[in-house]
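A lone chain, given as structure tokens: the form predicted alone.
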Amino acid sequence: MREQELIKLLDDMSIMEKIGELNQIPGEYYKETMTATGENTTLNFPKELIKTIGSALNVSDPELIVKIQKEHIENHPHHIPMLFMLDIIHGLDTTFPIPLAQGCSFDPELVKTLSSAAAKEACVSGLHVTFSPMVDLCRDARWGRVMESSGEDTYLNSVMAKAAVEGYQGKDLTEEGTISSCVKHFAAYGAVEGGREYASVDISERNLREYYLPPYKAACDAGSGMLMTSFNTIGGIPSTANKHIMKDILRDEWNYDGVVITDYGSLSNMESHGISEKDDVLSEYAINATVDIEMCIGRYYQGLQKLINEGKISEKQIDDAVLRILKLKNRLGLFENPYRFANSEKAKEICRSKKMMETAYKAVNQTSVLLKNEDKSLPLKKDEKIAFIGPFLDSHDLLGGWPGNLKYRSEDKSVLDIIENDYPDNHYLFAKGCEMLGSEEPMLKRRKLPFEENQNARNEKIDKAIEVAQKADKVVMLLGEHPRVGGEITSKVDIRIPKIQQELFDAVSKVNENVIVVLFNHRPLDITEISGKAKSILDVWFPGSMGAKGIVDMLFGINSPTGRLSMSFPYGVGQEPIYYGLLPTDHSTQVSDTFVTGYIDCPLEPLYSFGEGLTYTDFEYSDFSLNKKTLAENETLTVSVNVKNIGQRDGYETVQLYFRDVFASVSRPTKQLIRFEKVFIKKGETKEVLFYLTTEDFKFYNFDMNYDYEPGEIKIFVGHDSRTNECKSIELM
């Protein structure tokens, strides 16, 4: 449909039809058991609104979606189709590694591939929009939702945001296998105080623009069809009511013309923030901030008509919002193909198909991070006497806190299943050792998770683990967070592994010093004590549907872990938020031995820093050079470095390029990632890696809040991770 036709359609719609487009209905409204689509009368959505409702949330059955859409089009005065939306965070039926792990891949093509695979399953299931990617910059591991982000670095987040949008949306949203992305949560949701969910953010305009906004802009520039507001306040103003970020920046500066939707209940959340309890007041704030759709609560329905009647908002504001929604529906091809590609039989063929599972499998080693490998303890040798111990040994749930379809939590194979299948004649030893949670985790009891209360049973399991550990050459311990304590409303102040598992680790490490830890986690954890005792640590995060097979094949060296940390691990929770790109200070060891920034009981730096990660071979850097000593506008700086594989097997090296603006009108970080490249290098081979930079790469918000670069010295760092000190200088002209 041409835009002029959309405008003509808009002009012919009644005000009730327009308000209907701005409201969304939760999937609970529909009863799947009825022959015709029914309505859940426990929800306060009147029939006159339902006839013109613009979208639905959390309906994912393709047959039901077709049924709802058919009935809706028949009843709608202008036969306008609905949008169907769902949180598809790291896969629908096939679950891929969590997004934080995907960030660890340092591979935007992988992120694009996984997003595209998720879109194919979603599209055939009748869905139109996913609330992904989440690109909130995350520097506090206490916040449960760090698992949904790409981590602590602005540049990496921006690159991955673009890749995810392109993966979901493809080249054309009318094509089969595509869905619209919805970038979230705008803005600075990851900067909440103390890592607390739904809380406050107090951030300077400079930090907001410099570090937090670029990933959202990258997603918007990539053409994301939608954007979601965040629950938090910024400087006391709820994001959903924040005209500065929503209108001044998003609409006017960035020229974003996509659809903006609230998070679930964001208008009511504004009441919780102490803004107002009245529907019309809250609706006025949101519509003035150019928020188009209210998700599922009905405040817009209650408030907008009153605002128009009283002349407090104009019908043009409503028209602008509705037109953006109609454009997205048109972009998805819904006016010509209202059922789009929903097909229940085809969904059975595509979802969790062999091809999808192969995609999930290939992602596991690319997103896993080998943090430590003392004495080359990994990979394992088949003929070693190995004990496998830990609560994740026989777990079928390696999906993490945000899988699209919960019914598959118990269907995937466990690590034990894979070992017994792939190594049927093994002489390995097995012991669960403990449950995932013990009775000393009182706060987690409220989440109705299973935990060990029987002390005798607890002691017996540990005794069995000690017995098998004493007989083994090496012990592989599979430990970590419970699969349900990541994602929304899972903030924690204790980010160590559960106490019951720590007790098991301590007991085993006393009788066998060759301990290898496989770590399952949604966030960086405080593993300082574990790191001091374990020979090797392999962080697999929550690896998804093919996690068990991927883990076993890494342990035995069939595949190598190639991930790098996208978020730093602290020495202790007291360091949080912790990240590599700190601002410099005059209170450093270069100035004084006494008055030094830091802690008296802990290093200032992370335990494991951004960009760190090992693999099963080693690399050597040489011939790092810059092609010029000065750089002016319209010129290109070429950075080159040779990387040699000096190990005994082929492997991937992620070459990372950082910079520091030495002197500027405002304090600049000691290091900032500016480029990276993941390179495959055969054993004994040397590859030259080239990076190209211009003055555009060194722009920042200066003293006067102008976005520009300043003449002066720039240090260029190249190396294996953010700790690299190998640098050369160039002068910006």
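Residues carry their position along the shown sequence, with the first being 1. Everything numeric in this text was worked out from a predicted model, so none of it was measured.
Beyond what is shown, the protein has a form predicted together with alpha-D-glucopyranose; the following relates to that form.
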- prompt: Does residue 184 reach alpha-D-glucopyranose in the predicted bound form, with heavy atoms at most 4.5 Å apart?
  reply: yes
Partner proximity in the predicted bound form: residue 488 to alpha-D-glucopyranose, non-hydrogen atom cutoff 4.5 Å: yes
- prompt: Would residue 522 count as a contact of alpha-D-glucopyranose in the predicted bound form, using a 4.5 angstroms cut-off between non-hydrogen atoms?
  reply: no
- prompt: Just to confirm, residue 68 within 4.5 Å of alpha-D-glucopyranose in the predicted bound form by heavy atoms?
  reply: no
statement: None of 397, 263, 166, 93 but one has a heavy atom within 4.5 Å of alpha-D-glucopyranose in the predicted bound form; the exception is 263
query: alpha-D-glucopyranose isn't shown here, but in the predicted bound form which of 220, 295, 110, 554 has a heavy atom within 4.5 Å of it?
result: 295
query: Check 87, 228 and 231: does every one of them have a heavy atom within 4.5 Å of alpha-D-glucopyranose in the predicted bound form?
result: yes
statement: In contact with alpha-D-glucopyranose in the predicted bound form (heavy atoms, 4.5 Å), from 203-211, 317-325, 500-508, 263-271, is stretch 263-271
field: Within 4.5 Å of alpha-D-glucopyranose in the predicted bound form: residues from 47-81 (heavy atom criterion)
entry: 57
